[in-house]
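Shown here is one chain on its own, the form predicted on its own, set out as structure tokens.
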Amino acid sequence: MKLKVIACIGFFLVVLIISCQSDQEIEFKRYYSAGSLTYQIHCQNCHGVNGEGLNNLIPPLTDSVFLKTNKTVVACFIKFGLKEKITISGKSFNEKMPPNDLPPIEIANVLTYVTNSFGNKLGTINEQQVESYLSKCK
């Protein structure tokens, strides 16, 4: 009987904690978890499980400064690919990145995941931001 009471109290505490999350926290978790799956399917094979990249061929996704200052172009890279040389953390990468014709919501998901993983902490990037970023692609 005592075990059932403790289990019920524990269950209600978990429900209470979950229900206390703000809308922003819930939105972040939704984008982040969906982005994790999108990353595994579309990005992980080249950029690695931990975003480490591949030697001098594929750039790492661990440079928070680059990601923060280049969110717009990173969205463009995801959507339309990358054909020119890029420099990240002082290293040049010349390998082409193929386009991933993902919809803006999936790009927002994967950007939220990448910019909050591998040592990065940049917050939620939502679908509307990505649509704005993509409208600026050259």
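Everything numeric here is computed off the predicted structure, so don't read it as measured data. Residue positions are given as counts along the sequence shown, with the first one as 1.
The protein also exists as the form predicted in complex with a small molecule; that form is not presented, and the subsequent description refers to it.
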{"query": "Partner proximity in the predicted bound form: residue 130 to the small molecule, non-hydrogen atom cutoff 4.5 Å", "finding": "no"}
{"query": "Contact test in the predicted bound form: residue 104 vs the small molecule, heavy atoms, 4.5 Å", "finding": "no"}
{"query": "Non-hydrogen atom contact residue 66 with the small molecule in the predicted bound form at 4.5 angstroms", "finding": "yes"}
{"query": "Contact of residue 28 with the small molecule in the predicted bound form (heavy atom, 4.5 Å)", "finding": "no"}
